[in-house]
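Take a look at this one chain, the form predicted alone, written out in structure tokens.
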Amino acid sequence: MGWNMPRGVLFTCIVVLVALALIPMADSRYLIDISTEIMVYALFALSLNVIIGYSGNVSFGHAAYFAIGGYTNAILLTTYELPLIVAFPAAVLASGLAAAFVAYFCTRLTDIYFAMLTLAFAMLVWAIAFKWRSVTGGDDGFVGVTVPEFIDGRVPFFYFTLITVTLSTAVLWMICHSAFGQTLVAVRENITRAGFIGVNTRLMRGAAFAVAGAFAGIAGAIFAMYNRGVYTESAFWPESAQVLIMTLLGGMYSFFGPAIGAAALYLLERFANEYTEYWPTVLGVILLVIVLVLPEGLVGLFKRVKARMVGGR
């Protein structure tokens, strides 16, 4: 398929983009805020899927790069008063380099050992953010983030997020559907056979990890400005678990599946919290359903339903 997007997928993407672009016209602050957060988490989940869906590894510490992007952007904008055109790329670079550093150690291992090492490094990032109070604000968080004037408003920031997430998603699509992405799939399917035909599997897995970290940094940098602050919870393990569930819910073997899962889980959490105090219980049930009934996620469910409808005609 290469970089070309199927017509049906392209049409759906255009419809979604147009619908998102029209949201501010509804003049609903609540709808704008929800849409902004969903876009950020969609990009966050898409970045994780480079590791899970394409290279075949599981990361329990992906929130670390989300937090690094957020803290770096916030500190450069606020403490050092740098312009966004400098701070934002620096945040992405910091996240990517941090992910590449972690990947150097993690790619020596596979399976559960790989996953647990990613968690260990993420907890190290959380500890640094928690203890380095003079820089990060510690458990009080880094608050009062300076937001550039041209996006310092609900609607301008919404469109900034829409454009940034759209461009990031397009770049991720090209990466995942390039020769690099297809090689990652080969590594995922059979790492031993890929190694036999000359693929440097450790390098490929490390590159995927670095790419995923950089795009998580983009999501984190946006989120820091949106919240006007960054908190240690962004690097803590529940944040990693949440984005992992989003990826699984949507479907890790589909490029857009994690974005769908992010939207579904976010909306479900908002809805559940209005009617019950037991969201963790609901989340546990969702995870059980994914593992036992929907291993291919919502995208897999849609494909099964579509196949039955076509077959029943």
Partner chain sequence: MAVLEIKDLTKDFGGFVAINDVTFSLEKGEKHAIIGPNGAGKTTFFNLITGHLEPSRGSVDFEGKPITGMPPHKIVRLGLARSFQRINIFPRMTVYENIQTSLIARDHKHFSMFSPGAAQNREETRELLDLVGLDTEALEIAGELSYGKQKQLELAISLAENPSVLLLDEPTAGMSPQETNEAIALVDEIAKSRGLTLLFTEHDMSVVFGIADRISVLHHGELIASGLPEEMRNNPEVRRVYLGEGDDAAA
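Positions refer to the first chain, counted from 1. As the structure is a computational prediction, the values presented were derived from the model and not from experiment.
Separately, the form predicted in complex with its partner chain exists; it is not shown, and the next lines address it.
Screening L162, L117, V199, A241 for any heavy atom within 4.5 Å of its partner chain in the model of the complex leaves a single hit, V199. Note on contacts: among R193, R108, K131, R154, the single residue with a heavy atom within 4.5 Å of its partner chain in the model of the complex is R193. T166 falls outside the set of residues with a heavy atom inside 4.5 Å of its partner chain in the model of the complex. In the model of the complex, M204 approaches its partner chain with a heavy atom inside 4.5 Å.
Taking non-hydrogen atoms only, W237 never approaches its partner chain to within 4.5 angstroms in the model of the complex. Within 4.5 Å of any heavy atom of its partner chain in the model of the complex lies no heavy atom of R228.
Comment: 173 to 181 is the region of 173 to 181, 92 to 100, 218 to 226, 120 to 128 lying near its partner chain in the model of the complex, near meaning a non-hydrogen atom within 4.5 Å. In the model of the complex, V211 is the single residue of 210 to 248 with at least one heavy atom within 4.5 Å of its partner chain.
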